[in-house]
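Just the one chain here, laid out as structure tokens, in the form predicted alone.
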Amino acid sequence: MKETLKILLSHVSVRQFTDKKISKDDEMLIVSTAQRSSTSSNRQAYSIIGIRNKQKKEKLAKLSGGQQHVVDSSLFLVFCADLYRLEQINKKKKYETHSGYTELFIIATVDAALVAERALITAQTLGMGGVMVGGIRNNPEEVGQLLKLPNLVYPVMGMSLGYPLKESKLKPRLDINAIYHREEYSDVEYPKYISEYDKTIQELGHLKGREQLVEKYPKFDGLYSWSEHTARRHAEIVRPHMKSYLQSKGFMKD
């Protein structure tokens, strides 16, 4: 139990890997353990695609924003929300299908996210490391074509897995009271917690050399830390194509 908690509390993203390969047995252990994740009404509305082929990983790396760790990973997993399988069952039984409802889109997306998190924890338990790849949604149409995703299946996230080349630094989080509310939501002390966190991140130098959109904010002369970094990123429109893409795949029509 203590070892499990140690792994959970020491999570870091790993983007550099050794040449050591993940065995097929460990690959299936990661997937089978992930399969035991919680799933809404046992629908199991997700699919996982495992990729080892270097050429395919190179294409996915490019489509994900040029992330080299995708190529360098021993195993790259793509976690998909999948209502296609359930749709086929209903058609076979000649029942109505309502896969276009937004609630089912949420169910499938949550299922995929829960499975992905458990897969990563399992890999970490086995001495591996990895990183979630939201960039897989940069070009979802091309990713879908490459992976031959049918209608009602979309890539929620990717995951690069391998054996860590070096130890990664543990990144501090916001004060627990900033994200945990008792009985009801309260933002009264947000300024305090954000200010404290900014100081911590700045002192540790986590964002040094990683300033975002400097050309857009040339007159900024304040403390560049988490809140400034995050505000700049949150001010940008990210992947505006996703709504139309999802609707084209049969999601969120009602």
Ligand SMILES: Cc1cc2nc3c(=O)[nH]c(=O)nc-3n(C[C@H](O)[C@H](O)[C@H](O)COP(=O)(O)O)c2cc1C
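Counting begins at 1, following the sequence as shown. Model, not experiment: these values are computed from the prediction.
Another form exists, predicted together with this ligand; not displayed. Remarks below refer to it.
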| property | result |
| --- | --- |
| Contact flag, V115 vs this ligand in the predicted bound form, heavy atom cut 4.5 Å | no |
| is_contact(K57, this ligand) in the predicted bound form, heavy atom dist at most 4.5 Å | no |
| Close approach of M159 to this ligand in the predicted bound form, 4.5 Å, heavy atom | no |
| Heavy atom of Q16 within 4.5 Å of this ligand in the predicted bound form | no |
| The unique member of M132, L149, V78, V71 whose heavy atoms fall within 4.5 Å of this ligand in the predicted bound form | M132 |
| Answer option from H181, K166, K171, K92, heavy atom within 4.5 Å of this ligand in the predicted bound form | K171 |
| Residue stretch of 23-31, 47-55, 213-221, 61-69 approaching this ligand in the predicted bound form, non-hydrogen atom distance within 4.5 Å | 61-69 |
